[in-house]
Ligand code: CTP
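The data below hold one chain only, encoded as structure tokens and taken in the form predicted on its own.
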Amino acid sequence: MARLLLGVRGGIAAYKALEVVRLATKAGHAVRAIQTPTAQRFVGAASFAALTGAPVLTDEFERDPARGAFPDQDPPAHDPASHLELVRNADAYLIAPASANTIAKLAHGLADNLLTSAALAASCPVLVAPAMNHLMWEHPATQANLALLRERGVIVVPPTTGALATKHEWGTGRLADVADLVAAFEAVVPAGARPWDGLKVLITAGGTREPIDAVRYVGNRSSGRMGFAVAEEAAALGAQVTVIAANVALARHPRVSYLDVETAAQLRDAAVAEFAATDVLVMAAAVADFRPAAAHEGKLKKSGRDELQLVLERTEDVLSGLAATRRADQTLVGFAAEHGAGAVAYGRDKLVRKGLDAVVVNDVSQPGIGFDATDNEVTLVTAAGDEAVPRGTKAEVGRAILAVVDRLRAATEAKAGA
């Protein structure tokens, strides 16, 4: 795991920095925090100290009880200069939120507080996550300062668009999503030893679209959230992850490679090309079972028609085709989105019929889970039995799926070594 130095500037978004600490420490990273005096008007130092397990510093002349060490280090015997020792020990320095004033200071080399002094002394990657009113963000001075920082190698994690702190204000200036901030940090630091280092994972996500004409298609409601969540969890374990994304309009994780496709045939071709080098396949995409037998080249007009009849033909079973060529050391996980009674029984049948190691059964008849929802609730079916995963975020469900994959692979390796 890595060491993150977090610089927290004043602003309403400072409270989100606590969530950055929580997610980073949950992922196994060691975190130290620096706050400006203004930041402590929004969030107290005690909150950061409790989450990091380390002292929080504000002033350059303030003695650091940990002597610049991170929670995973032993403090040195002497008292070093805090702004030098903290960045010397850090794998990356993330300033979030970064105000327009702080960005201006960083761009012009000012070092008038501990946060900016540490940035000037940093030889590790420096990341800046702006958060401010949209008028300040759009000002030419702010944009020029950001351009200067980028030229010097500073990584700018751009703000998002939405409701701002001031009532009725809307625009670009919201601090980037917390998960994206942690992902940006993880993308620039060495991962260290992780359980799935060297493992190649292939995941399909989203829903295919089969064209009727130039503008219409036969599709489904899958958003790709579940597949993307599994991919991010696999990347956090150290795996080399590739996602075949079928029509997915979600944020991309910097440690995951993505191949975009539209149709079932394109997804099949991409999966076949990647499968031989894959250790784990997680087939989360909703692949169309049928497609129009012939797609109209232009746009079908409704004039002169009272009805439109479509002739559908079966698409190739992508997962069965891959399973037929599998190696003994590959692990294959399928998904079964079912509706109502008999869902788990169908999952057991699919497990045997397609030669899989596990099937994730998703009963989409339950409200608030499944397609285009942030939560999910599944049953994991393997040859050893069924395991119910209670309702939780798709990230939590993704972790449960990969835990089963881990057990399956351990059992396969033990059998091979016996």
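Start at 1 with the first residue shown and count on from there. Predicted model, so just to flag it, every value in this text is computed and none were measured.
Keep in mind that the form predicted in complex with cytidine-5'-triphosphate (CTP) is missing from the display, and what follows is about it.
The closest non-hydrogen atom of A229 lies beyond 4.5 Å of cytidine-5'-triphosphate (CTP) in the predicted bound form. Among residues of the shown chain, H29 is not one whose heavy atoms approach cytidine-5'-triphosphate (CTP) to within 4.5 Å in the predicted bound form. In the predicted bound form, cytidine-5'-triphosphate (CTP) lies within 4.5 Å of some heavy atom of T315. Using a 4.5 angstroms threshold between heavy atoms, R41 stays clear of cytidine-5'-triphosphate (CTP) in the predicted bound form. With the partner omitted here, the residue from A129, V241, M132, A285 that has a non-hydrogen atom within 4.5 angstroms of cytidine-5'-triphosphate (CTP) in the predicted bound form is A285. Of the listed positions (E233, D91, E338, E85), a single one reaches within 4.5 angstroms of cytidine-5'-triphosphate (CTP) by any non-hydrogen atom in the predicted bound form, namely E338.
Of the candidate stretches 286-294, 176-184, 69-77, 139-147, only 286-294 has residues whose heavy atoms lie within 4.5 Å of cytidine-5'-triphosphate (CTP) in the predicted bound form.
Annotated contacts: G207, R225 and A245 are all free of cytidine-5'-triphosphate (CTP) in the predicted bound form [non-hydrogen atom within 4.5 angstroms]. Taking a 4.5 Å heavy atom cutoff to cytidine-5'-triphosphate (CTP) in the predicted bound form, the contacting residues in 351-365 are R353, K354.
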